[in-house]
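Heads up, the chain below is alone and in the form predicted alone; it's given as structure tokens.
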Amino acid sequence: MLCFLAFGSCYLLKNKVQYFIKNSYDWSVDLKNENYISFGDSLFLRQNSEGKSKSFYQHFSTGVCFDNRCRPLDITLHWTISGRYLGFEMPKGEFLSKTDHDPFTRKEYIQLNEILSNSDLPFREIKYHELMNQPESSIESVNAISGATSERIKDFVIKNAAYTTYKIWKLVYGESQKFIEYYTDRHLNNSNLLNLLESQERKDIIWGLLHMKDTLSFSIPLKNRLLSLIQSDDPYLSYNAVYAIPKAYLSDADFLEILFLSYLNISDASTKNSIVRKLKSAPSLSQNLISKSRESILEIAPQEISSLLKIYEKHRVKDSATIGVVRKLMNHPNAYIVKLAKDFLSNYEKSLYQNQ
């Protein structure tokens, strides 16, 4: 009974509030064996002892205003180096409470963590006064009043804690996250990029692919990871992996040969077309790649034959073995392929005449 009457004091004896998303290890701040880069006095980049970036975190000491009062919010938020939300924690003794002053339950903390991990919620377009059915003149201040939760957001907030949910979500996806993405993009190197591409989270992988640059130096581990993503069963990942291929990798004969074999095994049309564009833009094609393509040309689909002939034309592939295989296409059952073969051979004969 005494504990019930003095609930706040009993709560202080519990472990600190700390929740992180699934598939992430302990991101809690640990000053041992780590280095930190400070941006201002509250945002930090965590690095291991070798200087490899691990994550960002920021401490917020602010207020959540409702019911004619502002209640303090003391919380630390964590992000990956791509700006993806990782989790939150509060100092020991601190906790979140609802409008009726009851502390969050464990179930509600878990629910909040799930809400914060969703970057697609409509909070970006919602103003503070729209959280409750109240006049527009109410703003985020001690004058904000309580009321029934708006139908628009009731499924996206903790019951009786709409203001707190909204406030923390806006902190997660606010200016700090924008800065984190900007900073990582400006300082992206092979090591950080490989960490992102090897993440268990699809969002990290996509972010890494969308931020790859032609200025990156050639890296065998990065090359191998890129190829594995190109061969992924996920068409969106595969397409973006092809699109992200840096120019330096198009000079690697081994990479191009595997890329061509991937082309033959991929079914997604957009990804296949993207591979064709990459092969056409390569400085040159190895004899081994040309040989492998000749071996498959009579068995692949008409659209693939068409693409391969365009690649030959772009790289001026005119060796006798290739010309011989193209001649065999004159007997192909598809009239369109027969026409493409005729046009290819006609251009070949014109080039011979012009070189005489």
Partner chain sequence: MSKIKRRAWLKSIGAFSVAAGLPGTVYAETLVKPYRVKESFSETDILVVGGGTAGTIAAIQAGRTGSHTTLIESGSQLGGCTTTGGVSFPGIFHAWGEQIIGGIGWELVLDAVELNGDQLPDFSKTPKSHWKHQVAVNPALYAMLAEEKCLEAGVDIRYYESPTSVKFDNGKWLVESIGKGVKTLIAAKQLIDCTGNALITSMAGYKVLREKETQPGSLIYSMGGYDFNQLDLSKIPNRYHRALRQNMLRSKIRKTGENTFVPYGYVYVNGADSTTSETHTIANQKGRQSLLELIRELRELPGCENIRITSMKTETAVRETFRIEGLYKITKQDYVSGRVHDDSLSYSFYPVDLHREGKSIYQEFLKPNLVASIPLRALIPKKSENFLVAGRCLCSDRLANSALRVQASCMGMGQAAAIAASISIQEGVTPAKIAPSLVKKRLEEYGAIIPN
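Residue numbers count along the first chain shown, from 1. Owing to the predicted nature of the structure, the values given are computational and were not obtained by experimental measurement.
This protein has a second form, the form predicted together with its partner chain, left out of what is shown; the following refers to that one.
Trainee: Please tell me whether any heavy atom belonging to E108 falls inside 4.5 Å of a heavy atom of its partner chain, as the geometry stands in the predicted complex.
Mentor: No, E108 is distant from the partner.
Trainee: At the 4.5 Å heavy atom threshold, is G63 in contact with its partner chain in the predicted complex?
Mentor: Flag for G63 set to no.
Trainee: Although the partner isn't part of this model, could you tell me whether N288 comes within 4.5 Å of its partner chain in the predicted complex, counting any heavy atom of the residue?
Mentor: Contact with its partner chain, no.
Trainee: Should S176 be counted as a contact of its partner chain in the predicted complex, where contact means heavy atoms within 4.5 Å?
Mentor: Looking in the predicted complex, residue contacts with its partner chain do not include S176, since no heavy atom lies within 4.5 Å.
Trainee: Between the options T184, N240, S199, T164, which residue brings a heavy atom to within 4.5 Å of its partner chain in the predicted complex?
Mentor: Looking at T184, N240, S199, T164 one by one, just N240 meets the 4.5 Å heavy-atom criterion.
Trainee: Which one of K213, K159, R277, H101 is close to its partner chain in the predicted complex, taking close to mean a heavy atom within 4.5 Å?
Mentor: Of the candidates K213, K159, R277, H101, R277 is the one lying within 4.5 Å of its partner chain in the predicted complex.
Trainee: In the predicted complex, does each of R327, N331 and E349 have a heavy atom within 4.5 Å of its partner chain?
Mentor: Verified in the predicted complex; spot residues all out of contact, no.
Trainee: I need the one stretch from 248-256, 264-272, 187-195, 76-84 whose residues put non-hydrogen atoms within 4.5 angstroms of its partner chain in the predicted complex.
Mentor: Residues of 264-272 come within 4.5 Å of the partner.
Trainee: May I ask you to list the residues of 321-351 that have any heavy atom within 4.5 angstroms of its partner chain in the predicted complex, in sequence order?
Mentor: Sequence-ordered list: N334, A335, Y336, K339, L340.
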